[in-house]
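We begin with a single chain expressed as structure tokens, specifically the form predicted on its own.
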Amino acid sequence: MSSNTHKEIVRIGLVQMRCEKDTATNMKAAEQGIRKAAAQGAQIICLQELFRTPYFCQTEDHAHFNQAEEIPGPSTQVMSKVASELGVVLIIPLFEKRSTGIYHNTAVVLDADGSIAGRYRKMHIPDDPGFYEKFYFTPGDTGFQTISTRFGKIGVLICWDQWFPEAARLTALSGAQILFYPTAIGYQAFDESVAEKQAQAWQTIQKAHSIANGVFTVVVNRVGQEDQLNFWGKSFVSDPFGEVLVEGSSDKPEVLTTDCDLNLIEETRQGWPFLRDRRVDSYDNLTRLFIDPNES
């Protein structure tokens, strides 16, 4: 690999929270976390998925639709002022009310002047015990994209998206230098025997996105027990080698910061030219849901 002495450092902040029932309390905790990260020099700061509320998708309840908000709306107005005051980029995951009857699991990116730089609507929507998201969220239509900010080109994906290499690859191909995954993932209270295996698999696949695409990956998860789910935290950042630069605890709210040298992306891709050696002429079947081995 080439020895590039010039560093292009971006400092990343992660706000790992325990969510309470009161949305005002969660907003206050998020703002405090953002301010703490900014005081530590963070330039791009990410909150966890659906940070304003407990993870309400454990049940199917029409009352929860009342928690959705428009964008721009109350949360983005508050956070836009914070972003502008501190001169930082913020990733704010929200329950978006797009129109009557259409709701999304959305992450808004606020640039360092407080303006909306872009938004991503969650594309992969789970429907599993304790994660009944299809009841609430319309699948996203933003596609996999790069959002340009004052401090770099970023891609945002959300939670369940993290298991799909296609999403990470397409976002990286669009120019993203850093992939952000705001997340709400945990294990069910009766399933503790496999909890550590699940958490390890979760980290492994996201580190693999870093390696396969030569990018930084930032994952922000929540902590604490909410009804039947225990959220395992362990928010982390991995570099293009898959090395974990910083990692949070499994049970404590905390603010994490770390430096990412964006020049490492080019150096890594020169040494591991996975993007160069892709056989795009042979990948047509990736657009199919299933390949029947009996087809001629």
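All values reported here derive from a predicted model rather than from experimental measurement. In case it trips you up, residue 1 is the first one in the sequence shown, and so on.
Not pictured, yet referred to below: the form predicted in complex with a further copy of the same chain.
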property	result
a further copy of the same chain in the predicted complex: contacting segment from 109-117, 140-148, 76-84, 89-97, heavy atom within 4.5 Å	140-148
a further copy of the same chain contact in the predicted complex: F216, any heavy atom under 4.5 Å	no
4.5 Å heavy atom contact, Y103 and a further copy of the same chain in the predicted complex	no
Contact of I9 with a further copy of the same chain in the predicted complex (heavy atom, 4.5 Å)	no
Close approach of P165 to a further copy of the same chain in the predicted complex, 4.5 Å, heavy atom	yes
Candidate site R18, T53 and D61: all three near a further copy of the same chain in the predicted complex by heavy atom within 4.5 Å	no
Partner contacts in the predicted complex for 117-141 (non-hydrogen atom within 4.5 angstroms of a further copy of the same chain)	M123, H124, I125, P126, D127, D128, K134, P139, G140
